[in-house]
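Read the single chain below, which is given as structure tokens and is the form predicted alone.
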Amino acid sequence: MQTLINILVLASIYALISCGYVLIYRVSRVLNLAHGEFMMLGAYGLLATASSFGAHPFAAVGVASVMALLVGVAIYFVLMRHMTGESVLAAVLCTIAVGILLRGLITLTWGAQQHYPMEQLGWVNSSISVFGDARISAASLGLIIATAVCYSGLFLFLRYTRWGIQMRAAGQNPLLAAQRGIRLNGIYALAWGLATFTGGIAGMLIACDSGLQTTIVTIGLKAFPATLVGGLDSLLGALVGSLIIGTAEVLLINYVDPLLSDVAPFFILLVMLIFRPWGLFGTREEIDRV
């Protein structure tokens, strides 16, 4: 049972990060390779607000979450908006440059030492007993709940709200959407904002659970294969791909060799790229074009 809990926690981490990759690609067809850095920025944003709102932890979390959303919107309007009409490769290289810049700024500001935002918030990451001997930390349980809430909210938002329907339309045919009066810049900015918001939430919860260092960015990198395995333009695929990658990692750690767990996501990705490069639930024509 403990193995099942560990799989669920790791899959939730990857799924919460992966939905940001999917949102940006599905709406604007940009592959954001700086998403791991945005996740890390959200975690350090919580560290900054925790020191400022230490007596009001929920206010600190709320401010950090809003900051994460605004960062995504700002990145789009300041930088990515100018990539419209440019080649796909140019936009991808631009996100790589942004990621390198963010990583450097964070290292210069906070250094490479370990930080513990949860302690500054005055919270205790208690261990909770579930199903007999199996246990889960409070932050890990928060990750699972946050993933369920985010995905449920996104599915409902994209299907039933005006902005969500416009996002789907912009992703399917931007030219036709623009002719119908949809403001593409606003839709793309919203997609970037939601992606950095969900990524920031993931970073905050990971930092609360296991501490915060700049190496947290590698988790965002390992979530990328989960996105590709499921399909770059599918939220359901992100969930399934995250479950596959999380299961493989936990089983390797428990029953084979922990050192192989870092290799497993990319090995599974290579196999998927050979046999089904558009992913389990991805759209074949869209991925082939890219």
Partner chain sequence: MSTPATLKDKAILEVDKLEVSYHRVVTAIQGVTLEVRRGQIVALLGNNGAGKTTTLRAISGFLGIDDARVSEGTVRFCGKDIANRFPHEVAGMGIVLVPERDKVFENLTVQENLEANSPRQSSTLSRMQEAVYAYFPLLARLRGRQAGYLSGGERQMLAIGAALMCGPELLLVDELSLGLAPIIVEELAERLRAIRDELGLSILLVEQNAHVALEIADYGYIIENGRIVMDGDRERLTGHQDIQEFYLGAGGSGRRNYRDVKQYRRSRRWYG
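Residue numbers count along the first chain shown, from 1. Note that the coordinates shown come from a computational prediction; the quantities given were computed from them, not determined experimentally.
If you look for the form predicted in complex with the partner chain, you will not find it shown, but the lines that follow are about it.
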**OP:** Would you check, heavy atoms only and a 4.5 Å threshold, whether Ile182 touches the partner chain in the predicted bound form?
**Re:** yes
Original post:
Heavy atoms within 4.5 Å of the partner chain in the predicted bound form: does Leu175 have any?
Top reply: yes
Subject >> 4.5 Å heavy atom contact, Ile165 to the partner chain in the predicted bound form >> reply: yes
Original post:
Taking heavy atoms and a 4.5 Å cut-off, does Cys150 contact the partner chain in the predicted bound form?
Top reply: no
**OP:** Given that the partner is absent here, state which listed stretch (166-174, 115-123, 188-196, 140-148) has heavy atoms within 4.5 Å of the partner chain in the predicted bound form.
**Re:** 166-174
